[in-house]
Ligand code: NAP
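One chain comes next, on its own, written out as structure tokens in the form predicted on its own.
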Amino acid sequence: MLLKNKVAIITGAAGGIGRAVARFFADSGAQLVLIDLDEAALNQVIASLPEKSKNSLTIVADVADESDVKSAVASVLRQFDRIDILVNCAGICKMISILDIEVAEWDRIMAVNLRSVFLFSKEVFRHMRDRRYGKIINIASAAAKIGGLAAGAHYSASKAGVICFTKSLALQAAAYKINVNAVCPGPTKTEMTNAWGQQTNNDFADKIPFKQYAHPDDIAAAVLFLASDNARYITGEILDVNGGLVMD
């Protein structure tokens, strides 16, 4: 029960990795706050959790909208009076050539993948700073380090921003004993990668030393570790979980 009675916000909780994180956290004793724009999918996540987690708080919100974020965090504090863990998992991706990226699409990718991390982290850090305790884990990507081919350039750039933001916040948060880290998944079996098509997925899997994609549980296990007090002396870390695709 690594997270017993900890209040944990998970954004993008209806996505493949978000669902896995929610399940791992539930099994570890956390009180869940699940946030996503897709209400029906959120309800499916709740239905899939253990009985003890059926009373988890779900919030339908646009993670890139400042007013939605402020309202969501305020709701959590009203109900639980504290936030122990924030996992910024919301993200979108599209396979597209740089020449075909429209400005509106660039802005939306940046808003969901990067602005949301800033908005939630800012609101939650304000609270964690006063308590001098907290864990913030951001989901970046291997594409942030090597660029994106299947993932568009806007996706890769947004996730590179997540890495730098993680380090910057970690530097400021360390004085308050708040841990801020990121996980960089490689290609992972989710709805996002399913959309790439079988041939693209086969080609990418062949480039991975393990010759296979990650399962969302592989990412969730790393997030659970960073959210626990077993990682109390780790901050500013960018943890690769990619089967050897990126080694640094």
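This is a predicted model, so every value here is computed, not measured. Numbering starts at 1 and follows the sequence shown.
What follows is about the form predicted together with the ligand, which we do not show.
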Open item on the list: Check for me: heavy atom within 4.5 Å of the ligand in the model of the complex, for each of Val112, Pro185 and Thr190, yes or no.
Closed with: yes
Task: Listed residue that, although the ligand is not shown, lies within 4.5 Å of it in the model of the complex (heavy atoms), from Ala221, Leu37, Ala205, Ile46 - done: Leu37
Task: Interface residue in the model of the complex among Ala90, Ala72, Ala170, Met128, criterion: non-hydrogen atom within 4.5 angstroms of the ligand - done: Ala90
TODO: Considering only heavy atoms, tell me if Ala26 and the ligand come within 4.5 Å of each other in the model of the complex.
DONE: no
Open item on the list: Within 4.5 Å, heavy atoms only: does Ala14 come near the ligand in the model of the complex?
Closed with: yes
Open item on the list: in the model of the complex, is there a heavy atom of the ligand that lies within 4.5 Å of any heavy atom of Arg82, even though the partner is absent here?
Closed with: no
Task: Distance check, Ile137 to the ligand in the model of the complex, heavy atom within 4.5 Å - done: no
Task: Segment that reaches the ligand in the model of the complex - one of 74 to 82, 128 to 136, 104 to 112, 170 to 178, heavy atoms within 4.5 Å - done: 104 to 112
TODO: Within 4.5 Å of the ligand in the model of the complex, which residues of 45 to 63 have a heavy atom? Give them in sequence order, or say none.
DONE: Ala61, Asp62, Val63
